[in-house]
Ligand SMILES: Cc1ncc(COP(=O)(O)O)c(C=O)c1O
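Listed next as structure tokens is one chain, alone, in the form predicted alone.
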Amino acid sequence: MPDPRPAARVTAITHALTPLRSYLELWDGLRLQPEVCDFVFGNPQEMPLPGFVDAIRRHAEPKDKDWFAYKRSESEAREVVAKSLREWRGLPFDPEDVALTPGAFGALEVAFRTLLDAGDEVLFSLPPWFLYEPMLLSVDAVPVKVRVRADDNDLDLDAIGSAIGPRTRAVIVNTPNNPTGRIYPPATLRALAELLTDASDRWGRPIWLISDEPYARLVFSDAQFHSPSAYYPYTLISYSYGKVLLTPGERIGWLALSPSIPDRESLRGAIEVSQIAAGWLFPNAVLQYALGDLERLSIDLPGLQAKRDRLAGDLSAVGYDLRVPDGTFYLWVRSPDPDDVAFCRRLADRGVLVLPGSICEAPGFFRISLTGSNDMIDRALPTFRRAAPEH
């Protein structure tokens, strides 16, 4: 008889996704109710930026018969990104160093497929973005996890150094970090670069640094962003426009090779091969045409910071334990109940949806998305206060 079971790795992926999928059932059942305050994901809770809509409308008008034909990484879009990176990062990026992808999701998938063989180990810190593990399992890589420092959410370099071994092929660093909002400082990134250089020399091959930076432009005025690519040559950067534009359903981003990578020309071709073989992992044509316009747009950062300060201040005042984030659009808060899933379900019963920390492998915490509207914050704060530690 035919065996109807999926591939064995799908079982491991399913296990890794079980906490998220279980909570999605609750979220799907409640999020569209009119009085519910949805702070779970970085989804827009208000209408899109007018400039985004105008750009899409303008570039959707075809100029030739190939306007909607198959596209790879369009040269004009690559130049937009490379120019921005040269000005922003102070490194000599070429357009050929940039691969346009369907968001940071696509950029990470391309990086994994280009760099990793089955059985290679990839190290990342906890709490993580909750899809690193399933994505690594999907390419038969081995996730290796270490926790950040508990006192300040900075990278634990001793733990990273101890976890690196002969099978380590890459380290993922997410800064500004989702979910903690931490931006890793230059001292940490320099020490990490030294650690990776020493380990690469010890094991006889470079250990890649995958710098996941989809929130790199969402930095609050009391902080400063630093990219690991400024400190370590063997770095690939992933980025998504879905965060700064608050359009996560419009999938465009990029994977960029650091200009400091020796002999990176061979990697450029390998990345395009990986994009094609993985299911044509290029953004749609209209988004690429519009990229010059989109590059100049941003959601209201001062407004986002005002939400951060209001929520952080009000929650701290009634006893919640949290660290004010440097960037992203999240608050990472200790749950008054060690059973964070149960606590989040009680909030959901009162019409307030947040993400349990257990989904990010951090039991006892929860995450609030600052993309909720001010009206949602007004309605949610009394519920947070009633559930607060002081009560």
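Quick note: we count residues from 1 along the sequence shown, nothing fancier. Since this is a predicted model, take the numbers as computed values, not measurements.
Another form, the form predicted together with the named molecule, is not on view; read the next lines as being about it.
J.: Answer for residue 226 alone: is it within 4.5 Å of the named molecule in the predicted complex, judged on heavy atom distances?
T.: The answer is no: residue 226 has no heavy atom within 4.5 Å of the named molecule.
J.: With the cut-off set at 4.5 Å between non-hydrogen atoms, does residue 308 touch the named molecule in the predicted complex?
T.: Result no; residue 308 lies far from the named molecule in the predicted complex.
J.: Is there a heavy atom of residue 108 no more than 4.5 Å from a heavy atom of the named molecule in the predicted complex?
T.: Residue-level check for residue 108: yes, a contact with the named molecule.
J.: Please determine whether residue 181 contacts the named molecule in the predicted complex, using a 4.5 Å cut-off between heavy atoms.
T.: Contact with the named molecule, no.
J.: In the predicted complex, which of the stretches 268-276, 181-189, 67-75, 98-106 has residues with heavy atoms within 4.5 Å of the named molecule?
T.: Comparing against the named molecule in the predicted complex, the contact stretch is 98-106.
J.: Counting any non-hydrogen atom inside 4.5 Å, which residue from 289, 132, 220, 231 sits next to the named molecule in the predicted complex?
T.: Contact residue from the list: 132.
J.: Just one of 169, 113, 251, 264 has a heavy atom within 4.5 angstroms of the named molecule in the predicted complex, so which one?
T.: Contact with the named molecule in the predicted complex is made by 251 alone.
J.: With the named molecule taken in the predicted complex, which residues across 233-262 come within 4.5 angstroms through any non-hydrogen atom?
T.: Stretch hits, in order: 240, 242, 243, 251.
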